[in-house]
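Okay, so here's just one chain, in structure tokens, the form predicted on its own.
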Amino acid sequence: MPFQILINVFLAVLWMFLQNEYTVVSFISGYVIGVLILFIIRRFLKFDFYLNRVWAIVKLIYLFTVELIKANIDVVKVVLKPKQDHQPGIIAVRTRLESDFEISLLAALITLTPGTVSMDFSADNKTIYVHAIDVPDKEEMIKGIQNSFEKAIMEVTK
């Protein structure tokens, strides 16, 4: 991916020199042309197109932002509720992620979401123990983490 970005920037700069215009508009048009060239030659060179991964990163950031806002609202509801009837709990989230980076990223995203904290990992690094401030349904929460953060991380890293 970094090599493709470097080639794309090189093509954009080359386009600026060929056009003899050193403006942002000329660079952007050269960058778009570079994206098209890389998209066309990806079939012949057998590499993944880097904008797919960039799009997956943007989706992960968007997902985290949405989950962050929803979690903040949920924590405010728990804190401001006159009757403290929330159900804190510890859940074990079994993950399909393989690398240490992926598992650490998942644990960090869980911890950065208000109301949840990644506490520990199992010996085989396949289970993350998470403490949550309100867990009405453990299975639903586990599936929510697996279908949102874990799935998005797998799209970014695969």
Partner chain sequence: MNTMIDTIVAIFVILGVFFAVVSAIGIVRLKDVYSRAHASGKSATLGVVFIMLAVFIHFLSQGVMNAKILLAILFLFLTAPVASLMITRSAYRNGVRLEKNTITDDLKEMYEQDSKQSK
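All values derive from a computational prediction rather than experimental measurement. Numbering follows the first chain given and starts at 1.
Same protein, other form: the form predicted in complex with the partner chain, not shown, and the subject of what follows.
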item	value
Residue contact check: S29 to the partner chain in the predicted bound form, 4.5 Å heavy atom	no
S122, heavy atom within 4.5 angstroms of the partner chain in the predicted bound form	yes
Residue contact check: L38 to the partner chain in the predicted bound form, 4.5 Å heavy atom	no
Contact label in the predicted bound form: A12 to the partner chain, heavy atom within 4.5 Å	no
I33, I91, L63, A56 - the one with a heavy atom within 4.5 Å of the partner chain in the predicted bound form	I91
Residues of stretch 111-137 in contact with the partner chain in the predicted bound form (4.5 Å, non-hydrogen atom)	T111, L112, T113, P114, G115, T116, V117, S118, M119, D120, F121, S122, Y129, H131, A132, I133, V135
